[in-house]
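Here we start with a single chain on its own, the form predicted on its own, put down as structure tokens.
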């Protein structure tokens, strides 16, 4: 088999032509604590019975924020064409590659992620609901995040004694962590269909399902909120449920995708939140809301993120670029690929095929 020459790319994010989302002054003012550094490698060897079919791959790339910095980004591939783009409505950074001929379809992506734990000062929050335009966008409904009907009805009931946006967010977080649970039978991270979950009283799910219910309820009562799709990178100080690695800091993170949440408060900016990992700790550790560890985790994950994880994007129900066969795409927390418009199963890494590893600098 004749092998095509490999193309290589190397981007210094500061010099890249890709326009990255701007970090707000409020977000940048968040206090920084422990810094962690992870070296990430993503390997792809796309598999399909139609070996000569036009093959396209979209890879989500980490975002650049006040709490997460990307450096030493490189890729190598035998693709016919490959480039980085953020030409979509959410500015989700994407590595796109395509293979027009037969043979192996190979791609390797490497980069370094430096993270700082996120801790919010909720005392800075005001009761104002006058939001910047880019924030107000996260009050709008999407196909999977409705804000009317039974969703709004439930949200109003949950927040009937809440006056400020912070009080509403606290009430919704309390309700979600009390009433929703992790269901390991759900494929991947779940579809995150908040409307269906609330209308049909489906309280079991995985991280996207639980996060999306929080987001839909919050938006429906005027609190901007969004999912942040990403992947775990290493060990957690709380539980293996929230991330793990070996004694040398090596983590096999294939299948470690995880969806978190942010909500916005005037004066405090985007506030980190993770109701889904409360549910995962309860299931994994065989505990209840009354156990000390769960109480600690539940309190911590309202306003804080342990940064053994990195975020890709906040995209929901949008169209990738270049336009794929599946549009709009529900979310972009997994690599997406297609062969002659047939979508590969991104929930099945061995068949797709892809593998991810993360090495923490200890």
Partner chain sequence: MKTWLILLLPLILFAKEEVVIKVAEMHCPLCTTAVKKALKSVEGVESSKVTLETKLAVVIAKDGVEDKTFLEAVKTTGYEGVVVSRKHLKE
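Residue numbers count along the first chain shown, from 1. Since this is a predicted model, take the numbers as computed values, not measurements.
The same protein also exists as the form predicted in complex with its partner chain; that form is not shown, yet it is the one meant from here on.
In the predicted complex, its partner chain lies within 4.5 Å of some heavy atom of residue 191. At a distance threshold of 4.5 angstroms between non-hydrogen atoms, residue 53 is out of contact with its partner chain in the predicted complex. Interface residue remark: residue 336 is counted as part of the site for its partner chain in the predicted complex, having a heavy atom within 4.5 Å.
Shown alone here, residue 321 lies farther than 4.5 Å from its partner chain in the predicted complex, counting heavy atoms only. When you look in the predicted complex, the only residue of 43, 304, 66, 330 with a non-hydrogen atom within 4.5 Å of its partner chain is 330. The contact with its partner chain in the predicted complex, taken as any heavy atom within 4.5 Å, belongs to 144 out of 182, 144, 118, 260. Of the candidate stretches 291 to 299, 57 to 65, 322 to 330, 304 to 312, only 322 to 330 has residues whose heavy atoms lie within 4.5 Å of its partner chain in the predicted complex. Taking a 4.5 Å heavy atom cutoff to its partner chain in the predicted complex, the contacting residues in 332 to 362 are 336, 341, 342, 343, 344, 345, 346, 347.
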